[in-house]
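In structure tokens, one chain follows: the form predicted on its own.
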């Protein structure tokens, strides 16, 4: 019998990486993205790496970078040490029983476990989810400077360089009338050369959303993401069923249970499936399956992860036959520096699936040292310590 490959050590670190410009959302303006990285070391010397990232500290959701790290160090890592590293499902089930919520923290560790398993087997993580059916996926870019002329110039540059021809506009900080006018100017500028969508990030009331969707539909916008608060499923259902413009659920989706309830309520036309928000690759795959069974459109969503988390998400979405609305896995491009030794490739309006075993990502040690918080100190949870 082969010896069991056990989980020996789990390390966490926080990175703070500046963004290339202010990223204006309805609830915050991001100028730095903070990522929690996890490295799992196994008894045979192999390693797996993972990432847990949120948006805008606590302004977006219930987890912050600091809480993600604390949950891993204090509650998740100790119960996994000494376990069979190849038994990823067993590890996930154990953590599900012992750690409630904290989906992003669980995601970071889960990605590292899948990465380690893929590396030991010599296969991409996509193979562990049935195999890739794509080697590249269409990728959107978010226009979020808050200024129409700046966004128009940025969109035109993206089209000319063949990097993106699908644009999602972050709106919701201004009045509905001002937001619709902003979208109209950008759509008029790019015309039929690009698709224009918007993300409200829950900022509108139902009354505002009625006017907003009507106006957005008239100016040529194709899709509106999470216009009202996540819990307002009746309002989402009214909007989805009352307008031709597609309505996409995002913040309303926190794992397969939410996905089932949203589908049953007919509260969306499209699922924005996010690995971190779902609780990991396995749970995100379950959200995808529910969306497929309900006949809904699918979209690969991002929490603006670094190249590490983006590579992991691409492994999963490469296995999804039809992504009706494409993906938005542009996170690494929003950062001033890429932390991967082998950056993800973006060209011809697509993002390419990383190759190689595991998630296909290798960290650049110099970049990691430079962006680490706390003077580069890493927290380690070690078996037997």
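Residue numbers count along the first chain shown, from 1. All values derive from a computational prediction rather than experimental measurement.
Not on display, but discussed next: the form predicted in complex with a small molecule.
Of the candidate stretches 162-170, 105-113, 72-80, 125-133, only 162-170 has residues whose heavy atoms lie within 4.5 Å of the small molecule in the predicted complex.
At a distance threshold of 4.5 angstroms between non-hydrogen atoms, residue 302 is in contact with the small molecule in the predicted complex.
Contact check for residue 187: no non-hydrogen atom falls within 4.5 Å of the small molecule in the predicted complex. Interface membership of residue 151, defined by any non-hydrogen atom within 4.5 Å of the small molecule in the predicted complex, is ruled out.
The small molecule in the predicted complex is approached by residue 274, whose closest heavy atom lies within 4.5 angstroms of it.
Checking 238, 222, 250, 86 against the small molecule in the predicted complex, a heavy atom within 4.5 Å turns up for just one residue: 250. Screening 350, 55, 335, 323 for any heavy atom within 4.5 Å of the small molecule in the predicted complex leaves a single hit, 55.
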